[in-house]
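Shown below, as structure tokens, is a lone chain in the form predicted on its own; questions about how it binds or moves come after it.
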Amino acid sequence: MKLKKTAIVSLLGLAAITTNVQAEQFTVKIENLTNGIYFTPFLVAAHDSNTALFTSGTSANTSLEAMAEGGDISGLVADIAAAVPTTSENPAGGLLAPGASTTTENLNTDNTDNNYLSLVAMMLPTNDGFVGLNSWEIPTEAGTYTFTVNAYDAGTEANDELSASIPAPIDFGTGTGGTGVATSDSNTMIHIHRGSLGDSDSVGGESDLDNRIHRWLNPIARVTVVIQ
């Protein structure tokens, strides 16, 4: 399902939006650890134990597909709204560049059941790869908690690594003329991403991605949660 071409353009203009409850505050810092991969606007959500943005080993729903293929987080925001989560949308104010970081405004969980943290953002250039943290239990003690997170494959599109299949709001240094790394993928469930392969042929080969720029392996991001 091709959802990507126009979705990402409108997302880049979003402002950071934070919904606060009261009392216990924390911030979430996200660092891009890759060499040449950009992250689309993040959805960061503190939610209850019955809510999830995604679940490994299951089929992606339409909202997750829209995020993973086009960077559109609006469907996921709507999906979890009934649970009244504490959220930060697009804290970076656009794409998060390689080596860059972004930090949410103070979020609050006190007097709520929002004791689990999740976050998602599409990775560019990829077909349907996304940064994913699923239901990390927020500690009750004040302090600084740092950990790394992996990239997931939504399983909704073959990883052909062709420019025509990937949104391009900026110049990622991709090539043209590739034949496609994969025409289909056997695992159509949400799973850990195998990484981009790329090649060194900018006008042919299998991939339009440059293996000197776009090659990456997990983990791809560092998350630091500071609880006051």
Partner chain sequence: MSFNHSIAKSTAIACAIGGSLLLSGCGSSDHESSARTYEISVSNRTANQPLSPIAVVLHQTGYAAWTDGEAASTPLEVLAEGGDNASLLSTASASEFYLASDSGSGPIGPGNYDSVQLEIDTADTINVSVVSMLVNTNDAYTGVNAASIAALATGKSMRFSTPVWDAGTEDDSEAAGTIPGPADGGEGYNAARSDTNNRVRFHSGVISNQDGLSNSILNGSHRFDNPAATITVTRIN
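Positions refer to the first chain, counted from 1. The model shown is predicted, which means the values in this text are computed figures rather than measured ones.
Separately, the form predicted in complex with its partner chain exists; it is not shown, and the next lines address it.
S.K.: Just to be sure I understand the contacts: of Thr179, Thr62, Ser49, Asn35, which is the one whose heavy atoms reach within 4.5 angstroms of its partner chain in the model of the complex?
M.R.: By the 4.5 Å heavy-atom cutoff, the listed residue in contact is Asn35.
S.K.: Exactly one residue in Asn187, Thr183, Ser200, Thr55 has a non-hydrogen atom within 4.5 Å of its partner chain in the model of the complex; which is it?
M.R.: None of the other options qualify; the answer is Ser200.
S.K.: Picking from 155 to 163, 170 to 178, 25 to 33, 63 to 71, which part of the chain touches its partner chain in the model of the complex when contact means heavy atoms within 4.5 Å?
M.R.: Heavy-atom contact with the partner occurs in 25 to 33.
S.K.: I'd like to know if Pro98 sits close to its partner chain in the model of the complex, meaning any non-hydrogen atom pair within 4.5 angstroms.
M.R.: Yes.
S.K.: So in the model of the complex, does Gly205 come within 4.5 Å of its partner chain, heavy atom to heavy atom?
M.R.: So Gly205 does not count as contacting its partner chain.
S.K.: Taking 4.5 angstroms as the cut-off for heavy atoms, does Thr140 touch its partner chain in the model of the complex?
M.R.: No, Thr140 is distant from the partner.
S.K.: Indicate whether Thr148 is a 4.5 Å heavy atom neighbour of its partner chain in the model of the complex.
M.R.: It does: once its partner chain is placed as it appears in the model of the complex, Thr148 has a heavy atom within 4.5 Å of it.
S.K.: Taking heavy atoms and a 4.5 Å limit, what residues of 188 to 216 are near its partner chain in the model of the complex?
M.R.: The stretch touches the partner through Leu197, Ser200, Asn211, Arg212, Arg215, Trp216.
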